[in-house]
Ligand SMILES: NC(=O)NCCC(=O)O
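In the form predicted on its own, a lone chain appears below as structure tokens.
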């Protein structure tokens, strides 16, 4: 079934029943829909919402417009690599242009956005040319020009190759001047089913970096890292106001809890979370006869620290989700819930050290 739960609910519930569902499922009875200038003639879905904070007497609102892009690949996976990448660039450029027209200030793309997610093939050599420099690679150069043109901070998840020839799953951060300001490398790598990412690149060595940009303090928790609660926690302890979760996830690998983990992280850590997942079907020929097909379910969404979330983008279409947020909500929820005072990090740290000493050391 290709319809999202959002469309099913919208088309089948109304009145008080719909309000009750929205209150429980989305955290609010009615969606605060943004009026967008872009037309419906675009060849991708575009949707806009607002997640406002309570008005304060002494502090002005800290309004930021976020943009998430989900998209499919364009050419078949046996096409020349340079053509595959350029076709994706051309598609994404049109979506970024639309985001700029709608005033997006921080934009995030999906995991390894400029290539097919070939990591399910268990092949390596034939795909090596997709790996690129974080600082000077074609994806960074392409997006740097658009970031400077539109004064937009852009998060670009790529397959990185460093100066030693080592691969990493990396998110590059480009500021509103088009400058490379840093990168985060994926901390947790899956080895589940056909996705054995440990065969391709190393677990990240950049820790839990938070980037202090013109518009917000942001962090990136790449794909599989969302299954690890302490990963989310550390970004919050380091001061993140927004954590992006760019992903490439198929339905049999967690669709049932796709809408839960990032939402829970937003509540537990008093920051906004942004979940991005690619869409479309990707087909690979491995060897001479073995064909592998992977289908991705999109459904990108954003959650506020109070647990309210936007509807999801489509499960099947390219899309741009725009959400206007007020960063004051992060402090408001910290004050309301008092997690910093009640977290007992000292107790957890003591128990973690004991566990590592008694279990991990003995298992080596």
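These numbers were taken from a predicted model, which means no experiment stands behind them. Numbering follows the first chain given and starts at 1.
What follows is about the form predicted in complex with this ligand, which we do not show.
- Here the chain stands alone, but in the model of the complex its contact with this ligand, taken as any heavy atom within 4.5 Å, falls in 244-252 among 146-154, 211-219, 77-85, 244-252.
- Although the partner is absent here, residue 160 is not a contact residue: none of its heavy atoms lies within 4.5 angstroms of this ligand in the model of the complex.
- In the model of the complex, this ligand sits beyond 4.5 Å of every heavy atom of residue 93.
- In the model of the complex, this ligand lies farther than 4.5 Å from every heavy atom of residue 176.
- Looking at residue 223, you'd find a heavy atom of it within 4.5 angstroms of this ligand in the model of the complex.
- Every residue of the trio 117, 186 and 190 has some heavy atom no more than 4.5 Å from this ligand in the model of the complex.
- Residue-level contacts in the model of the complex: of 197, 282, 132, 102, one residue has a heavy atom within 4.5 Å of this ligand, and it is 197.
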